[in-house]
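Next comes just one chain, in structure tokens: the form predicted on its own.
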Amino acid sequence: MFGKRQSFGGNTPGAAEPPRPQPSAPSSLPAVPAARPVDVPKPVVDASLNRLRSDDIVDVRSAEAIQRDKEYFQTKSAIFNALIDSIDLSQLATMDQEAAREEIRDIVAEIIALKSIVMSISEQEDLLEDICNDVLGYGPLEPLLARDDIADIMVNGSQKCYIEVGGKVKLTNVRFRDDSHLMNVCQRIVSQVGRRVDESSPICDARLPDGSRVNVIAPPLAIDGAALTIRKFKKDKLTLQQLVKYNSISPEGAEVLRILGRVRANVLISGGTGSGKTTLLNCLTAFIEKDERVITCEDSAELQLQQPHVVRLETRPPNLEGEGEITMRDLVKNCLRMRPERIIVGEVRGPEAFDLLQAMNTGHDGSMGTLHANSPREALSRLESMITMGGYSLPSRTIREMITSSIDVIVQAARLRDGSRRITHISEVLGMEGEVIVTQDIFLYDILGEDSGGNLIGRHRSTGITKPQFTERARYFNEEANLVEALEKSNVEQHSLLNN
């Protein structure tokens, strides 16, 4: 029977219990040299799931659609069972991804012909693609992962899947067979990076081969079934020039950001969830010199640095016995012993803030990091509170002095209510006045209104600062002329707009 057959990943698709993590293929089968561990889950219910296109975004499903899905499922189950009887799993496991996919397609096409199943060419192609995705990929998620216009995939249990397109969240008709099928896919994803997700460890961060960030929270913590969230990365990495094209920043502001990355300024990127912090960090790191040794510390590796001398470090959760955990602070402390020239922290969210600040003001100029905050002022307050939560019994003034001596510039990113992403502040940290940290804005983003389509209208403007505090650093790197030119040009444009 189908439920008793062994899958590639070693799971039993028809079992009642949630699948256990399989970090590697069973010893009896050679591992498939594709990036994804291979598994054979039960077929998905919905025929139209795997053929998701822009017009498949729906709010409700009709009774006719549900009936078509059931009929499709019956046909697919019959073909799938015949495929398992016909295919040589050990031979398939030695093939690469494309060869294995072609082999499956050939066998399925023969089965359809032998069983005299009547279907159109397009229906047959859809069926072939669905079965290949189930065997070799991530099942119903495959067409979503293939679309480059999707920024986030949010699966809320087996029957609901949302996506973010153009900054807007929309419900799709993608659904899984049941909760065990969803857990099977989650298990397949996290096992790629040697992690697990089950009842004993229901929260897991992982990544896909392309660097997309994955978070899974499973029952019993997720009441209505596992919740899977994927933050997708575009195949074509964004650059500062593209951010200018999308009006995320003005050309003059982009030039200032380029100079900040070039002159080894310590930059903190602040923003809310989905505001583009990691994308902006990737853009800034593009201007790091090729001969610099860069070390990145992340919870799940997302950064895509293009420099040749990069060491990527990643945290590790505890094992089943609760031992072996490697925290972000452990990584930051250790990378100080690895002769870094720049330290990049994917996200500062805890006591590692203290170690990062120590690194910034003890010779590791040009270090960068991101954190969640809604304004530059709030970012400074969060840094102070994170250091305090780390158990350091330091006076507030001492912590603030450490912050001012470490952070040069705060770049604030925001996702506006129309879904657009903008860099709203470029602010530099000047120093202390009494007990207060003094900052000054160099660039700001003003919202002027909205158009008939509900899109916000705004503009970036200079605050009139022509010689910021990091001008000396720019002079040292022979970038002072470019910095002054960018600021003066922005001021001229600002005056012309005011006059008009």
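The term rigid core refers to the maximal set of C-alpha atoms that superpose within 1.5 Å between the two forms. All of these numbers come straight from a predicted model, not from anything done at the bench. Numbering starts at 1 and follows the sequence shown.
What comes next is about the form predicted together with a small molecule, which does not appear here.
With the partner omitted from this view, the residue of 160, 316, 234, 147 that lies near the small molecule in the model of the complex is 234 [heavy atom within 4.5 Å]. Listed residues 202, 272, 211, 350 were compared with the small molecule in the model of the complex; 272 is the one with a heavy atom within 4.5 Å. Proximity of residue 248 to the small molecule in the model of the complex falls within the 4.5 Å heavy atom cutoff. Although the partner is absent here, residue 279 is a contact residue: one of its heavy atoms lies within 4.5 angstroms of the small molecule in the model of the complex.
At a distance threshold of 4.5 angstroms between non-hydrogen atoms, residue 195 is out of contact with the small molecule in the model of the complex. Within this chain, residue 416 is remote from the site of the small molecule in the model of the complex, having no heavy atom within 4.5 Å. Heavy atoms within 4.5 Å of the small molecule in the model of the complex are found in exactly one of 186-194, 304-312, 94-102, 235-243, that being 235-243. Once both forms are overlaid on the rigid core, the distance between the two CA positions of residue 415 between the shown form and the other one is under 2 angstroms. Superposition on the rigid core between the shown form and the other one places the CA atom of residue 397 less than 2 Å from its counterpart. Superposed on the core, the two forms differ at residue 235: its CA moves 2 Å or more between the shown form and the other one.
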